[in-house]
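Let's start with one chain on its own, the form predicted on its own, as structure tokens.
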């Protein structure tokens, strides 16, 4: 059971909170198997989004817009996982429902459901960033994400790191995404970084505006993490180049 009040208090103060273990060994095995099956093309759903990892190990070199490129365990992202029955069950994980409902009154929608893969070769290092801003194409910035480790994410193996309290400062730039290097230096983000290592099956609640990053995994050790970002039904898609997105209803 998650201590909802304690988790929310820490999340509001620091921008993140450990939630403990929310998945059983059986659930973990099923989700890992399905993630591999999707990457290898053994299971396929129309509309899934894929992004291969950068061969250089540099986040900025990850190819854009290519989608499925054949069987590979080196996809960096698998997105729109609400289309998959096993991941859809994780989005609606009963242990998380009281927490999400406490933070988002009324009907709850999903902005994105995504697996982040750091392959056994090391993956890429993700710089300080925020998950909000104009890049997201929303009428207001979301605030609620739950990140769940499908593999161990140890201290020196791809765990999330945070700058506590950084969400109180709002967006680092109107566009959102990667925090400008000058601001990282002036705020001494590297010195303030708090790593949050977790075991497979454990979840972390995080505010979309908290600065967070992750390093490479240990060589030979893959790191799969699943992130679900939840929205109020009042939030609208405001993009104009494509048709407005319709968001999957969670609760």
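A quick note: this is a predicted structure, and the numbers were derived from the prediction, not measured. Residue numbers count along the first chain shown, from 1.
The same protein also has a form predicted together with a small molecule, omitted here; what follows describes it.
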{"property": "Contacting member of 78, 104, 160, 96, with respect to the small molecule in the model of the complex [4.5 Å, heavy atom]", "result": "160"}
{"property": "Partner proximity in the model of the complex: residue 223 to the small molecule, non-hydrogen atom cutoff 4.5 Å", "result": "yes"}
{"property": "In the model of the complex, residue 217 touching the small molecule (heavy atom, 4.5 Å)", "result": "no"}
{"property": "Non-hydrogen atom contact residue 131 with the small molecule in the model of the complex at 4.5 angstroms", "result": "yes"}
{"property": "Partner contact for residue 232 in the model of the complex: the small molecule, 4.5 angstroms, heavy atom", "result": "no"}
{"property": "Partner-facing stretch of 175 to 183, 108 to 116, 87 to 95, 67 to 75, counted where any non-hydrogen atom is within 4.5 angstroms of the small molecule in the model of the complex", "result": "108 to 116"}
